[in-house]
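Following this are structure 1 and structure 2, which are two forms of one protein chain, each written alone as structure tokens.
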Structure 1
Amino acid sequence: MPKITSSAHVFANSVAILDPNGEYTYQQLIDASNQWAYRFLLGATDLDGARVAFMVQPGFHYVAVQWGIWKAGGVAVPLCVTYPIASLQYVLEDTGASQVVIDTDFQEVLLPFVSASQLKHHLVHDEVTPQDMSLPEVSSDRPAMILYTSGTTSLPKGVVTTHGNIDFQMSCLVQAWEWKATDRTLCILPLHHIHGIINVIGCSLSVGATCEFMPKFNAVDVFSRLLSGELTVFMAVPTIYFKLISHWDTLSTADQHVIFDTLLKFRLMVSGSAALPVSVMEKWHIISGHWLLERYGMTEIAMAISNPFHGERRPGHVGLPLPGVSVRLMGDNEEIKEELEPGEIQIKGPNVFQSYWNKPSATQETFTEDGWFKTGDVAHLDGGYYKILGRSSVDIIKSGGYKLSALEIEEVLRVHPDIEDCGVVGLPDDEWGEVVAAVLVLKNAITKEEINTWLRARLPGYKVPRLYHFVEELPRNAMGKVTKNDLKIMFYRGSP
């Protein structure tokens, strides 16, 4: 059985979860996840790696379903709660999910497809008769989870991690950041990505701490929870810190003092998923007295590099390798880079994923012959601390902490009957890190609003371009390839 689910017995009577519906102990989590496991098993002894997808609001039921899938020997596939049906259908079909769990709020979007495709489905709030069965032994090398990540291919790839990967990813952070049973954290992140799943929920519940859920980010509500004086650990992406800072700027000096005094009592505040601007780190220090701990991760490896819990947290740097994780910087000519020389970050260790789902050649291409995972991120070492310098692909965009593929957005835009051709780029932005911008060649006149309405039925909101520029022809190099830097320049000159 996965370690996080078995260690829960030690903390049986402690509060595990607080969500908008109430407070739940670890014992309640154990009982509910056992019942989910029995429901998934449908009389079988082991799901043997069958994929179970779930579209469940962040909170107690989300965790109970996730643990239930793991206990039954299945592979958990969390679905993004803001995906339109086209994106949900892609994940369900790509994973070949055999069962789906649907929360009340998502029946309208998911149920018609699930019923039409005759997928076995469970509604979170269905009345079921409690059962008692034995559960399978699930070894640590078996797949546990598939998360979808965008990359340099047009369609997102499923990243398969094993129970062993997940156990290590959590225990490594528990050790590095000194998680304790007395901790209490607030989860405001989406639960189809590592940041929320491993760093926030996984770490807190693996040590017997309490995890509070706020299903939708809102600066006013987050400040009110931070000010409760009950929380000890907070984790977010830079965009969230930016939004909190913007709200703080509107408050009275008296309120700002109260915030400082309360936030100072936190044990740890972390930023990650995208580069933390030095200005945000400095402003947050003024607001809270904390130097944010910045760390570096990726869906395929979870966390790999982190500023220290004790010691210098260096602005603009992501820190040092985490315990048990090996990091090297590799040059174009297969030479390991020294201090201040840029190279690709490559990673080895028990944190590294098993494979891309059903994509053996993509899996093989992403590892070196001697087994290092190639991240595609470029960094240099500066006095022992890693500093991220950029990415090897212009087609990857980081916006609000989400990794987006320009190629995926282009593919969808090209399907539009009034669009002849297009090029998508990421433009630097103080709040979002980057914003998605599209240059379009039109066949017929169409407005930005019409394009966005059409796109929102096909892509989640965070992948939809914020800026458009219309041209007669896309700029190309001698090889006929669209020159993305020229596209970026069009926006700096101003969009019509």
Structure 2
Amino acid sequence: MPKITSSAHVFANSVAILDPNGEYTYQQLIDASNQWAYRFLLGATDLDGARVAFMVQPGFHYVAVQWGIWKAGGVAVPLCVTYPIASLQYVLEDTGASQVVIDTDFQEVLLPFVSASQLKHHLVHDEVTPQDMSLPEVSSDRPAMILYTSGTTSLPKGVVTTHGNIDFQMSCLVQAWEWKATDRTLCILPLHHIHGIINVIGCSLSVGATCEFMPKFNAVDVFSRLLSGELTVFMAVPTIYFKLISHWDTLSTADQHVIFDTLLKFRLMVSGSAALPVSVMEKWHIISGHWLLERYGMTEIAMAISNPFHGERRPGHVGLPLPGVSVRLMGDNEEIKEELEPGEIQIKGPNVFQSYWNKPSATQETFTEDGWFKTGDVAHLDGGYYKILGRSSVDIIKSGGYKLSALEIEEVLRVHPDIEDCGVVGLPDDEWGEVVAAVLVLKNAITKEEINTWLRARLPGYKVPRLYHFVEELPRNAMGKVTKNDLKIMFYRGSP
């Protein structure tokens, strides 16, 4: 099982978790997770890879349940707490989960289906008689967790990671970002995703640090915790930083100075799960004195590339390969790309997932013959740093013989003083193959013609959007990524 569950004994009396219900030590976490393991075993000696799904609020009980599944030899399947029942049903049926843990807040949503399906279920706050029995030995090559991809182009796929994968993913980031037992971090991220599970909870608890939980985001509450002087590490997605910046803009100059002086004392601030706009990075530097550390990862590989903890954090770039991770850029004709040549990011290392759950063909297709995982993301090397150009399926626009980066065009658009936010996509076109189209959130009224005149002074003509659509807010998934297929649908329905 992951080393995190055994190393906790070293920090038994230290505070592991702080959530809305109170403060919990590592010893309390050990004891609670052991009791969950006994409950899951149901008198057996080993779950032997049985899937256990859980829909639990972020906090102590979430971690105790997850560790308990691992200790019992099961495979943890975290359920998204905002999913509708149809999506939850898909995950439960696809994994063949044999047991389900349900928090009080989600009984109304999940319990009717679980009961009708005659699945063994546990309620988080049920009284449990303490037991004492031996737990199984679980090897590092056994599956530990199934997380689901976002399913933007097809049905979500279950990504199977082993205990060895998880151990490496945590130790790699602990080394790269210099996590310490004296650290204290705040988790405000969804916990059906690698960012919150590994980068925040996993890293902090594997070194004896303290992890605080705030189940619902609120800019005022987050700033209150950031200003407490107790936190040392903060990780969030670009959307959260954008909302914090918007709140900061409403504060007095005196309050803004207090925020700067306090945030400057943080050891590390990280952004991930979606591309970090350079404008957001620059504004956060004004607010906090920190250049956000941007990194690159995905469900299948956790983290693979990161800007350095020490040294230059280059805006618009995701940095250098992490320790023990191999990265290459591959062209369409299977040639390795050099400096400034775009290619698909391919990854090899102990961080790479084992398989897609019950999808052997999909698993085989996503690996090269020599064992490299094909991410589907396109990047180029720029002075040794990787710069993401976009997702090959949605962010690389093939227009008139050119391969255009939607992310590059978005960065330029965000600089415009009247544009709040934007998303760029390619739409099918008989003449050009694809044409560039932009969905904009405006600060102030401006015409398409004025935008194009401004853009042509900053971009070649073939990169300037031909179509525009104006909205109040961009559609996003749970991790703050703009859902670009939804943007495309807006144009099919007609642009105002």
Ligand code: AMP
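C-alpha atoms forming the largest set that superposes within 1.5 Å between two forms make up the rigid core. Remember, it's a predicted structure, so these values are computed and weren't measured experimentally. Structure 1 provides the reference sequence; residues are numbered from 1 along it.
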Query raised in the report: Which of the two shown corresponds to the form predicted in complex with adenosine monophosphate (AMP)?
Result: 1
Query - Selected hinge residue, from 393, 359, 109, 285, for two rigid parts turning between the two structures - result: 393
Requested in this report: Would you pull out the angle in degrees that the smaller rigid body rotates by relative to the larger one between the two structures?
Outcome: 143
Query raised in the report: So if we fit the rigid core, how much does the CA of residue 412 shift between the two structures, in Å?
Result: 33.7
